[in-house]
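First, one chain by itself in C-alpha cells, the form predicted alone.
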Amino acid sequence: MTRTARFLGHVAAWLGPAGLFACLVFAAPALAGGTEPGPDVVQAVNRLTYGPTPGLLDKAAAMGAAAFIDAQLAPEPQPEPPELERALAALPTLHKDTVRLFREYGPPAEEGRAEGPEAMRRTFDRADAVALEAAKARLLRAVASPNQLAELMVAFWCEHLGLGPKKGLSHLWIGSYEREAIRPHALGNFFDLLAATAMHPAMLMAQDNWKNVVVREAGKPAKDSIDATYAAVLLNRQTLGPGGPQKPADVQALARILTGWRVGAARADSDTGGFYFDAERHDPSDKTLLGQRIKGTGFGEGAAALRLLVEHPATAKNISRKLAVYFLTDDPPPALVARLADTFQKTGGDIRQTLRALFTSPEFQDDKYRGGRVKSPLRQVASALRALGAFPADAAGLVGTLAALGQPLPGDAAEGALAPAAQWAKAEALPRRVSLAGDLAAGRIAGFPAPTADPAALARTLGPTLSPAVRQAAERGGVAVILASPDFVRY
C-alpha cells in the first residue's frame, strides 16, 4: 500500500468511507494544471518558505531556483504587504521595548504592590496577554511575510536559543526577546546574535544568570553565589553542543566570567534594553576556559568568552548540523555538515553564507531528500493558509490550535521547530492532522472563516507535489482532502 493510499484511509475515517470512495471512483479527470515547475524549484520553495502561495511556484520557476534562493538570502528585506502591516499594528505590545513592557505590564512597584495569590494571578495574566500577541505576530508573519527564509530562521533561533519553559518575567519579555535579540541577527553573524541573547533580560531571567554573583566587600570577593545554569546551557546547547570538549570546570569558569550580568532599572529614557553589568557583583579574577586564559577585565571577559565559543570548531559543527537537520533531513550526510562547518568558521560565523553553502550544495537537490519531511503543526497551519491565499482575521484561535497539536507558540525547544521531522510523523498524530484539515476547510477555527479557494485552484498552487489520486479525490471531497493528504503534509 502506498503512502498516499494509507493516508487517504485516515481521510476516509473523517469523510466517511462512502464519501471517500465516491470521490476516488467517480471523480472526473484530474484537476487541470499548467506547466509544472521543475523539482529544483519545488524543493527551493518548499524548504525556504512555509509553503507556496498562489502563483509562487510559477514566479520561482520564471526566476530559476538559484535566483529564488538569492532573493531569500538578500540582506535587504522585501516590504511587508499592507494586510500584514495592519494586523501587526493592531497588536500594541509589539511596539514596546523591554523596559516599557516591564513598566506597563510587569509587577507593580513595591510601594503599590498588593500581596497574595490574586495579585500574582493578575501579574501572570498580563504577561500571558503580552505573550499571546507575540505568538500571533509570529504566526501572521509565517503566513504572509514575503521574507520567508528570515521567518524560518527566526523560528530556528527562537528554539535553539530558547528561553525554556514559562518562567516569571522571561514570559513577559518573550516577544521583546524575539524582536530585539533574534530578528536583527537571524541571518547575520552568530557572535552578534549570541551576544544579543546573552544580554537580554529575558535570557538572564529564564536561565537565572541575574542571580549569578560574587559579593564583594572593600573591593574583594567575600561570598560566592554562583549559578551555572546559563553557563551550562550556553556550552551544552547553544554553542559547543552535547558532544563538545567542555568539562565541568569549563561550566564553572564560564559562570564566573558571566557574574554580574544582570537586569537593571532604566537609568534614562533612552535606556530600553534592561541589561546591567554590576561590577560590584562580578568575580574579577583571571579564569581558564577550554584551556584558554581569560584575563579578569570585567564586562570584557564575557565578550572574550563568547568570541572563543563562537570560533570553536565544535560550535561550527553543532550549528551546521542543526541547520542541515532543519532544512534538509533528520540525518544529514557528515560530509555536508563538515563543509557547512568549514564555511561557518571561515566566515566568522556568517549565518547567511553558511545557509548559502547548504542551499547550493548537491545534497540539497538530491532526489532522496525531496518530499521526505513531515510538517510540524506550525508549518502545516502556515502552509495551508498560504496555499489557500487566506489571512486570519484573528490569529488567537490558530495559536490555540497549535498548542493543542503539541507545538505552542512560543514553546519549549524540545517540542518546537527543531524537533526531528520524525516526531511529527507518529501514527497517533495523524487523526489530529486530518481533523485540522477539516477544521480549516470548514472554517471551524475562530478567527479563520471557511476559505473561498476551490480544489482546482489549490491544486494549481501546490503544483506537481500533488498525486493524481489526491487531485481526483479532491474534486468530490473538496480542499480538505488535499490539506489532509500525505502529499500536503509532507514537503
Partner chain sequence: MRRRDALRVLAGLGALSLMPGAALAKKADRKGDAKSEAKAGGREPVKPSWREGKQLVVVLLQGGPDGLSMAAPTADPLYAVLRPTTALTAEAGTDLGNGFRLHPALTLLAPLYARKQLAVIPACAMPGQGATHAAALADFAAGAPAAQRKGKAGAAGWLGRLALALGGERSQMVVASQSEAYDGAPHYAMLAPGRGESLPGLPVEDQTLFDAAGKLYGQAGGSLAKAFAAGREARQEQLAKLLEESRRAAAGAVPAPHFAEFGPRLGKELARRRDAALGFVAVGGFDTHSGQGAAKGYLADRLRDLGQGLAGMLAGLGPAAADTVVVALGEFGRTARENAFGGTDNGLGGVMLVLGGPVAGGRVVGPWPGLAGHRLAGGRDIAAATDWREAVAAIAVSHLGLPEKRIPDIFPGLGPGQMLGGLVG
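Positions refer to the first chain, counted from 1. Not measured: the values here are computed from a predicted model.
One more form of this protein, predicted together with its partner chain, exists but is not displayed; see below.
**Q** Determine which one of 66-74, 443-451, 47-55, 457-465 lies within 4.5 Å of its partner chain in the predicted complex, judging by heavy atom distances; exactly one does.
**A** That would be 443-451.
**Q** Does each of L194, L290 and A304 have at least one heavy atom within 4.5 Å of its partner chain in the predicted complex?
**A** Result no, not one residue of the spot touches its partner chain.
**Q** Pick from A357, L308, L132, V325: which residue has any heavy atom within 4.5 angstroms of its partner chain in the predicted complex?
**A** Spelling it out, the residue with a heavy atom inside the cut-off is L132.
**Q** If you check A338, A396, I226, A393 against its partner chain in the predicted complex, which one has a heavy atom within 4.5 Å?
**A** If I apply the 4.5 Å criterion carefully, the residue I get is A396.
**Q** Do S435 and its partner chain come within 4.5 Å of each other in the predicted complex, heavy atoms counted?
**A** Yes, S435 sits close enough to its partner chain in the predicted complex that at least one of its heavy atoms falls within 4.5 Å.
**Q** Is E217 near its partner chain? Define near as a heavy atom within 4.5 Å, in the predicted complex.
**A** No, E217 sits far enough from its partner chain in the predicted complex that none of its heavy atoms falls within 4.5 Å.
**Q** According to a 4.5 angstroms non-hydrogen atom cut-off, is K368 in contact with its partner chain in the predicted complex?
**A** K368: no, not in contact with its partner chain in the predicted complex.
**Q** Is A425 one of the residues lying within 4.5 Å of its partner chain in the predicted complex, judged by heavy atom distances?
**A** Answer yes; at least one heavy atom of A425 falls within 4.5 Å of its partner chain in the predicted complex.
**Q** Taking its partner chain in the predicted complex, which residues along 448-482 bring a heavy atom to within 4.5 Å of it?
**A** Residues within 4.5 Å: A469, V470, A473, A480, V481.
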